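The data below hold one chain only, encoded as structure tokens and taken in the form predicted on its own.
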């Protein structure tokens, strides 16, 4: 073959391959305009092929996504309406049977290849990015810190909700429950436990300093105080799960504690307890409020003469008929599942049990 023709043939092959790729992309819905209808009445336009998560974010609809769209956090859920494509294997660990049947997906794993209709929690539509400056850092225990921010604008939230902090220098965000008084719109606080090997918590505990400015997105979450209810309240938390409960209690204080509220907090040893005096002082001020801390494995030097045992055991000892109550739980999935069983055994309807697993 004449060497002169070789480059021409190669160029021709590349052109043909490119045209085939473009054709396939168009057949799959890429390269054109698509629409996403959000909650029936909000229509956004999408150009080309992208994940639904990215398309929504580009249109200022912020679903929670602490892993940055890598399908490892399972928080960016939405429901596909009238178009139920089977979830990918990466999604299955985060979806239960009912969610799969109803068309719930992880938005980071859904590619926009045509027009679609979706449903997202209404609260998501109020989420937006903020910038916050670190104004206080307090060491509460050997592995738990409180961080207070000063926001660039009002940050309204419901007691129990959470925010996401973008970790500087890496493309990742992490979610933390808001621990502060919802009346203070400029200074949200978070309570963060150090996770060994955790990129975000290591930054908070070892590198974050007063004066740092961070991108914060929120508020997120459908776990919050049911303010129109008049049922007595049971609250259960462990570790950094104290954060949203603290915010809920601030709201109850603002309402002058109109309902009976009992707060059970579980820790391993005395060094894992914090804010004990704060909540015991609230107990003295409001007859309707009771704070019950418990240690599961107290050390001899703890000199502990209050409740001992798993928090489920302590709740069972201190409660009787709970059929007319409601509950707010925050902690690990195992703890919450065990607490739900105890509460249901005591007669509490499951629809009155609100929880935040992390």
Ligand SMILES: Cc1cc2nc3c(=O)[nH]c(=O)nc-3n(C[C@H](O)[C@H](O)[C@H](O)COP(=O)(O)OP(=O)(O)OC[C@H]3O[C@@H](n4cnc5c(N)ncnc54)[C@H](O)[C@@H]3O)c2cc1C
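Source: prediction; values computed, not measured. Residue numbers count along the first chain shown, from 1.
Separately, the form predicted in complex with this ligand exists; it is not shown, and the next lines address it.
**Student:** Verify the contact flag for residue 199: yes if a non-hydrogen atom of it lies within 4.5 Å of a non-hydrogen atom of this ligand in the model of the complex, no if not.
**Tutor:** Yes.
**Student:** Can you tell me if residue 243 lies within 4.5 angstroms of this ligand in the model of the complex, counting non-hydrogen atoms only?
**Tutor:** Answer yes; at least one heavy atom of residue 243 falls within 4.5 Å of this ligand in the model of the complex.
**Student:** Can any non-hydrogen atom of residue 354 be found within 4.5 angstroms of this ligand in the model of the complex?
**Tutor:** Answer no; every heavy atom of residue 354 is more than 4.5 Å from this ligand in the model of the complex.
**Student:** Do residue 158 and this ligand share at least one heavy atom pair within 4.5 Å in the model of the complex?
**Tutor:** So residue 158 does not count as contacting this ligand.
**Student:** In the model of the complex, does each of 162, 191 and 195 have a heavy atom within 4.5 Å of this ligand?
**Tutor:** So, yes: the whole triplet contacts this ligand.
**Student:** Have a look at 263-271, 129-137, 211-219, 235-243 and name the one stretch with heavy atoms inside 4.5 Å of this ligand in the model of the complex.
**Tutor:** That would be stretch 235-243.
**Student:** Report the residue, out of 152, 117, 123, 75, that has at least one non-hydrogen atom within 4.5 angstroms of this ligand in the model of the complex.
**Tutor:** If I apply the 4.5 Å criterion carefully, the residue I get is 75.
**Student:** Under the 4.5 Å heavy atom criterion, name the residues of 89-114 that approach this ligand in the model of the complex, in sequence order.
**Tutor:** The stretch 89-114, when checked against this ligand in the model of the complex, contributes no residue at the 4.5 Å heavy-atom cut-off.
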